[in-house]
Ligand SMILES: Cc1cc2nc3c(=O)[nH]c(=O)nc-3n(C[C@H](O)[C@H](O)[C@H](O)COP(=O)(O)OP(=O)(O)OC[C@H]3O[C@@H](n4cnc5c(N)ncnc54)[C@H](O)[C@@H]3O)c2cc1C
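The chain that follows stands alone, in the form predicted alone, written as structure tokens.
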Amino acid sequence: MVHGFDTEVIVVGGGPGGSATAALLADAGHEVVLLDKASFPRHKACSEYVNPGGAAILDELGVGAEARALSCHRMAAMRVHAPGGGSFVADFDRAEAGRAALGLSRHKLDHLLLRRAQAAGVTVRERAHVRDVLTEPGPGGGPRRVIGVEATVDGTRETIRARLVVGADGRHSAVTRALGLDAPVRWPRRTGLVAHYRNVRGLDAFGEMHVARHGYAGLAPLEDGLTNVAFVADVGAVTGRAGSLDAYFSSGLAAIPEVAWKLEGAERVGTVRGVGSMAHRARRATGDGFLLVGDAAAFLDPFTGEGIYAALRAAQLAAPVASTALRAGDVSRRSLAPYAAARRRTFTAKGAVCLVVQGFVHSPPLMDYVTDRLDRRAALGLTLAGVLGNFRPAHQALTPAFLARLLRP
């Protein structure tokens, strides 16, 4: 116990970002308590896709071999299908030998990372639902600073005080909500629906994305012969549907011929899970006594498969900054500012690439056009594969030369 506090650090959320941040801080010698409202292992609505950059971080965290031992599915490439029938292959292995994405259910991935945190010395408290954030006036009447959380743990209300609170509790973050940090996102506004299927045909070393005029579908092979099947559509179309969520999900997939063929004879395992409105942005990722990682800080429509990589990478950026601030006895926004700066350097260019891709996805004629160019101009496709896989710098897909070669007839 730290003098005047129950622990040094509270991490709210046991997903990839939260568990990785907690583990890295514990590795650095800090006392960490991780709170999550679920009981692990648990299922989570997600694309369950770890891009090549994310797979490399799993190795750096020391859990890559164990993830592969869980029979995760290795995807050397993603095939992207345009509405008009064309396609191109984002071939990670050709862009850089040995690179591949991994398909692993959140049921197994999150439990693996949570055990990694526990092995590092993190105290994990499951069924701990954070209700509010504790604050107190800053020195000299300055901005209020975060000093802990109010949580219901196994039905009992508790106050837990800490020098630093890490919000890693997703796009519906209790931390950002309590601090008034949620910012409106006007575009894109999409809703995702996901389910597991067994005996999906026509998939092997590839995952697939299928863009249609009414939305898009993603197919990611997982462990044990399962496939994650996602359907993403505009929020208004989902909320304004006439029938059940199950019926809407099934009809959305059936309206994409290639997907319908792959699912013919397949067995759905479990329920359809809804993600809700997927776009989220916090006004800032740091403040006096707190920082945000993963979807709690920012999340965009997941067509490019950023989520798990971004959460793990944010943990790597946050932990050393937080450790330095804790050792200095100063967890002010100013002391945590290097993390905010590192986020900008790391994620801004890739965020711009993702928005460009969203523009293509939202315009079927443009999607058809660029898909044809990427298929016929192999060097462009390999560059984009490296950027989307997070093993080539994102600015390579934003240069005037790249965009000119992509868009010119």
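One rule holds for the numbers: they count along the sequence shown, beginning at 1. Keep in mind that this is a model prediction, so the values were computed, not measured.
There is another form of the same protein, the form predicted in complex with the named molecule; it is not shown, and what comes next is about it.
- For the marked spot (Ala168, Asp295 and Gly305), a heavy atom within 4.5 Å of the named molecule in the predicted bound form is present in each of the three residues.
- Screening Leu336, Ile147, Val130, Leu253 for any heavy atom within 4.5 Å of the named molecule in the predicted bound form leaves a single hit, Val130.
- Looking at 64-72, 362-370, 42-50, 336-344, the stretch with residues near the named molecule in the predicted bound form, meaning non-hydrogen atoms within 4.5 angstroms, turns out to be 42-50.
- Mapping the unseen interface onto this chain, Ala352 falls outside it, with no heavy atom inside 4.5 Å of the named molecule in the predicted bound form.
- In the predicted bound form, the named molecule sits within 4.5 Å of a heavy atom of Leu35.
- When the named molecule is considered in the predicted bound form, Gly192 lines it closely, a heavy atom lying within 4.5 Å.
- Taking non-hydrogen atoms only, Gly389 never approaches the named molecule to within 4.5 angstroms in the predicted bound form.
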